[in-house]
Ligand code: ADP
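A single chain, nothing else alongside it, follows as structure tokens in the form predicted on its own.
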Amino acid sequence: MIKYTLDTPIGKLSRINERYLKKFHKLGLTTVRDLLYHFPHRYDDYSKIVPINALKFDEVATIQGLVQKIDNIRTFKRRMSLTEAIISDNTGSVKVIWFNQPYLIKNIFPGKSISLSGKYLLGPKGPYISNPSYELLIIGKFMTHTAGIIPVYPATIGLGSRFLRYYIKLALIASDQIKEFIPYDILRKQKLPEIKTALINIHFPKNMKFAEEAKKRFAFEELFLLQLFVLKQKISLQKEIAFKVVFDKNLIQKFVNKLPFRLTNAQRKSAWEIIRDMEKNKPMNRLLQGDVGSGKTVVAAMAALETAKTGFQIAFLAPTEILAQQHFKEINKLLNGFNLHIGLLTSAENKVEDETIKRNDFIEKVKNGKLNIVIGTHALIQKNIKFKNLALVIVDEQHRFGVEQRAMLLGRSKQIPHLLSMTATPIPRTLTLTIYGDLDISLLDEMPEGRQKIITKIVPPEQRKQAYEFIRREVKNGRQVFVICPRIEASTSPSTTPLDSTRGGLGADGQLEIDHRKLIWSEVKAVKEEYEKLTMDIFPDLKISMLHGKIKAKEKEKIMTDFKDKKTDVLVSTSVIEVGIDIPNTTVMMIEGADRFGLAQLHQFRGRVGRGKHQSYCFLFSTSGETTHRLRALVKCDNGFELAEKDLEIRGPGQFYGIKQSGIPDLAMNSLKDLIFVKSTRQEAVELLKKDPELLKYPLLSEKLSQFKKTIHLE
């Protein structure tokens, strides 16, 4: 038998021509190692062989018998090729039909013993087994496709599970070369199989118990590496030196006394945690997470004030120009009277206080330390932006910035600056323990006084007219309205949908590549269509404006300013207003195609209203007319932390914050729903790093972790 190595290219395996090689590459499979780690996404249970006379309609079963006859039949009416066979055992005979597989007649002959697994159905011409898996019975040959627990793999056109099973079985010869890297005492404690056993059992298990044990082992392995990765990052950061920001009690007291409202206890606690962190000469790496409207900006302003008055600079990053402008106005207002110089830098403008200055002059002021706080978008990350003494980086909606981009900012200072990340989307506990495991967490889990509960209603198609009338009455009473257009999602289905224009070609990994320019234009089109419908048909008597990704920055600012100044009644927008927009006079959030959004994002939208003294409403317009789990959950619950857990449960971790693109393998991703499993894995990682922070006693684990780091990219 040919001996393969883990690095043997798939093209070197027997009977693989150029056409098949391309199909393997589409699945991201290039080596024998890739084949071994191409895990099944489900299993078919063909373990029970039944006699033909015991077959039951609509059930999947395995039979074994003799091929009596086999023929190809052409059906001209449906333009389909049928392969029909008669199989018999000592209890009776049964018809078998395969669809559009005429080549089978070259493999299956009368007089041969055969094993078949498929569904037994009742058709117009009598009972038959439909499209079964098959294999010829040969003495001494182990069955792969029709007996026992059969793996079903992620596949592509022309390269199905049957073909993959054959080559994965070949690849298992090389599994002896894989060395166990998880310490044996951890495997014993967690009751996990060793790696070679797990590889055999995840592909060809004798029973489902073995399959589940193997899946658990690989889920643990992936999560364990992820935990080691984030915990080692945390340990590494603590070796760096940061600027010490001196706590000035009188300064903070003065700031708090000037506020037109009382701080919540959660705000006080979070501010104190941040201030204590910045007093140390180790870099802070803290995430401030709180529900929509819980007052994160005020807490950030306190940290910025303390830092600026100690003599250092602050960079405040926002994901959009609209949000950067809003933070600029808000921070200026909060820190008015403290004699600070605050600048705004986006791709379109450079402002200090209320004055627009030349970009070169702005850059010079940052470099010379004449600007205490610089608020901006990605423009702040440009190479020509240099700070004199950057001590604090505040990043709003931190998951929207890549690790590399944050690192660029953190590297602009003589010493590592403190990092305060903020998010309005509460993070489920399992993600806090893994993806964000290197961050310390501050929670704003209570709302400021006076925040009203927003009335949320699902609006099916037949109730739209009443909802529109209600909205008109709100506007006539002096209120304003946000309208969110349906999220445009790229279709991954080969069937034709209205969204097919957003699809690109197949990428190197065999996945559909999305043309993001087309995606943006599709969203622009959706906004324009909604705008025209509302302007022409629904609210011809109201003043309506629209906002989307193709509008220039200056025009966007004017649209938002006009809306804030009540010059327009209704603002039709894409999800650009999801984050941070604060217009207290808006009392209605109307979401078209609400069933296309996740719970966390819907909750974000809802949080854009209810900021003033008037009762506010959120209308969820369902395009399909269906009331989904998400929509019902949103109506029942207004706690963002609860909704985040439900979102994780309903949609899965891959949809959360877009971490599907993180490089985290599927088994680990699915395990992020299991809090007990995640805690157990984390504990093992913590204990191991306590004993051996550099993993010097575990060279194989250290090597595996280095490989893992190359594939992971957490946002």
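All of these numbers come straight from a predicted model, not from anything done at the bench. Residue indices: 1-based, along the sequence shown. Rigid core (definition): largest C-alpha set, two forms, superposition within 1.5 Å.
This next part talks about the form predicted in complex with adenosine-5'-diphosphate (ADP), which is not shown.
Taking the partner from the other structure, adenosine-5'-diphosphate (ADP) in the predicted bound form has a heavy atom within 4.5 Å of a heavy atom of R262. Remark: T297 counts among the residues lining adenosine-5'-diphosphate (ADP) in the predicted bound form, judged by a heavy atom distance of 4.5 Å or less. Taking the partner from elsewhere, K329 is found to have every heavy atom lying beyond 4.5 Å of adenosine-5'-diphosphate (ADP) in the predicted bound form. Though the partner is left out of this view, S442 does not reach within 4.5 Å of adenosine-5'-diphosphate (ADP) in the predicted bound form, counting heavy atoms only. Listed residues G549, P448, G148, G593 were compared with adenosine-5'-diphosphate (ADP) in the predicted bound form; P448 is the one with a heavy atom within 4.5 Å.
Of the residues given (I129, V292, C485, M560), V292 alone sits with a heavy atom within 4.5 Å of adenosine-5'-diphosphate (ADP) in the predicted bound form. Figure note: of the listed segments 216 to 224, 179 to 187, 254 to 262, 460 to 468, the one touching adenosine-5'-diphosphate (ADP) in the predicted bound form, with heavy atoms no more than 4.5 Å away, is 254 to 262. With the core held fixed, the Cα of K239 is displaced between the shown form and the other one by less than 2 Å. Once the cores line up, the CA of Q604 ends up less than 2 angstroms apart between the shown form and the other one.
After superposition on the rigid core, displacement of the C-alpha of N285 between the shown form and the other one stays below 2 Å.
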